[in-house]
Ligand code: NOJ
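Listed next as structure tokens is one chain, alone, in the form predicted alone.
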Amino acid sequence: MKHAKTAILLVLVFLLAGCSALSDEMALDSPGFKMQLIFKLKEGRPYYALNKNGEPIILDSELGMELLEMPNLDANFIVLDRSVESFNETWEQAWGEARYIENRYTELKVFLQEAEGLKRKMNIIFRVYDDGLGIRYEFPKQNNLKEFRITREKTQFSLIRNDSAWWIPAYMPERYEYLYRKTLISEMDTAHTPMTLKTGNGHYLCFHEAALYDYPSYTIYCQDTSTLALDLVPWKDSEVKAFMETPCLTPWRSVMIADQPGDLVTNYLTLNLSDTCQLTDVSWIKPAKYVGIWWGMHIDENTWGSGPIHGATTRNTMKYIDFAAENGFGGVLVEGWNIGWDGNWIQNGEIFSFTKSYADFDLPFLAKYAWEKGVSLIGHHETSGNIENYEKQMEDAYKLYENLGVKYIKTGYVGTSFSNGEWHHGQYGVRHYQRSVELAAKHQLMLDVHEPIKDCGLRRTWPNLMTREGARGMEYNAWSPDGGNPPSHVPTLVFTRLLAGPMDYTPGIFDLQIENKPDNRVNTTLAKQLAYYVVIYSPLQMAADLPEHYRGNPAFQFIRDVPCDWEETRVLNAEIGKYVTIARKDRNSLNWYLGSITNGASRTFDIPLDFLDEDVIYDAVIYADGPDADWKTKPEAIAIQTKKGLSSEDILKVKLAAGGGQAIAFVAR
């Protein structure tokens, strides 16, 4: 009844504002009256605008579709009807950075029809939150619009001024794997989302999308000095962006809006716009930390292919399984176990087998060996982008893992595009990734997707899709000719890529200067590597270094202790690209964990501990940069101490070295 009363009240307020059912202009407030959405038809063309506390955020912006070989759906409209509703719920994540998510919005659905000609129908749906906006198109079933092809989606974001943005380029060889640039909007190239900007009046906006199914992902570009427009990723050699058949919906176009950058991190708009969970049983889905045969290949200690230093051998895998079991880790990733890695595997994706292993790797034995020690293998499927070869084998490969008790798959799609020339993030790619996650769910397998389609909230709908790559991760430090990821990289990722969802960054490198690769190094301190386990959210977190670099090092205790499933998340301070401090509460105890990181500048913060539970006393185990630590000159220097008897009324001083960090475990007594 509470929801129904709210909806009735909202409709009354709406009507009292003077908007009739057939008005060409209508306004809708968010539940807390912080945002106001305005929809209008201008001479038959649909537009929208958005205000925050009476101040313009988005000016009149176009809506509509351009179609191939038929009239566009962007003009000649009349309003047939409209519906308004209010919604308020709190839902529980199967796993996540916060256990409970509030989903509170008002929705306006505008029913449009062409006034003349074919009289085709198109509905536009707006969901207005106190901290954001969602927009999507709906095409109902109708005789005059059955199958159609979209060549352009005309959705715009017309901004007040030429503000600063953090972005990475689209349509480039390494997909999403670029360092973020900060420029004026007018200086942007076509960019991937999430794309974040800071307005001149101090607001932070992040543009992204949600509920991406059977439709191309969108990129974003500056249409003029301060207007952003969508560019849908096309089919190869075609002006067609999307093949559609009514009835159908587009994904949500989302805008997160915050007064502080940290509020973007705890803005769950993408999840709230996504469909509810499609699985009736999620008990088999388990967050976990893992180790694996992976970093050794990047630092040239092992090879993916067969030979004298082949990494994926039975003996080597047993060593990793033993190490995982000794330290309470749930998984062991093994790359290079299957036939197909010899030669130029990036170009020869058609020869990969996903069921046959090399002679020196006994898959059934190792799966059983791991299971007996309470560990699961994480099977690796590198496709090199050859989707046809992979889809021929997917059913058999997933069934094999299910039968062997393997619980996780890490998939990979290396290559500028798929081997057939289609983009990873076009409609073709979106369809493939969806087939993969649904088939994995059928066989009760959890996915870690590298070279993925960007996260658009699908983890709510299919929670077996645990994590993804989709940005420059740790491996770039091992071989990138540009010097690896700079100290500012992760303090930027938190407010860009990580706003989409979990990332498998693969942290935890202790051999920071990479002993056997003198021309490469990891550009952090050791304490910052520990802080990543709190700052970078992923329900699958890798301890990425070799086991021998962990043994005997007291800093490894933090990785052993830190959870990867959280009750709640708080951002304590932040400035994009410079620093961020995040506290998260363990879902299964009263313990809290804090991670603080900085760019190339040293910093000192006084952190109020008011996030801690009231009336609970904590002992803090602090992993701080050593007094002489510096990411360039002495990255391994670390100081570990315990402060006892802390409460929510205390203030803690946190010192970060240049390129450094700090990790703290607050253990409840």
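Just so it is clear, the structure is predicted and the values come from calculations on it, not from any experiment. Don't overthink the numbering: it's just position in the shown sequence, from 1.
Below: the form predicted in complex with the named molecule, not depicted.
Contact at 81, 114 and 124 by the named molecule in the predicted complex, all three, heavy atom at most 4.5 Å: Result no, not one residue of the spot touches the named molecule.
Scan 160, 249, 179, 414 and let me know which has any heavy atom within 4.5 Å of the named molecule in the predicted complex. Only one listed residue qualifies here, and that residue is 414.
Which one of 454, 549, 136, 298 is close to the named molecule in the predicted complex, taking close to mean a heavy atom within 4.5 Å? Comparing distances to the named molecule in the predicted complex, the residue within 4.5 Å is 298.
My question is simply whether residue 567 lines the interface with the named molecule in the predicted complex - judged by any non-hydrogen atom within 4.5 Å. Result no; residue 567 lies far from the named molecule in the predicted complex.
4.5 angstroms heavy atom contact with the named molecule in the predicted complex for residue 410: Answer yes; at least one heavy atom of residue 410 falls within 4.5 Å of the named molecule in the predicted complex.
According to a 4.5 angstroms non-hydrogen atom cut-off, is residue 192 in contact with the named molecule in the predicted complex? Residue 192 lies outside the contact set for the named molecule.
Evaluate residue 398 for contact with the named molecule in the predicted complex, applying a 4.5 angstroms cut-off between non-hydrogen atoms, and reply yes or no. Contact check for residue 398: no, nothing within 4.5 Å of the named molecule in the predicted complex.
Considering the named molecule in the predicted complex, find the one stretch among 257-265, 219-227, 151-159, 339-347 with heavy atoms no farther than 4.5 Å from it. That would be 339-347.
Residues in 459-485 with any heavy atom within 4.5 Å of the named molecule in the predicted complex: Contacting residues: 469, 475.
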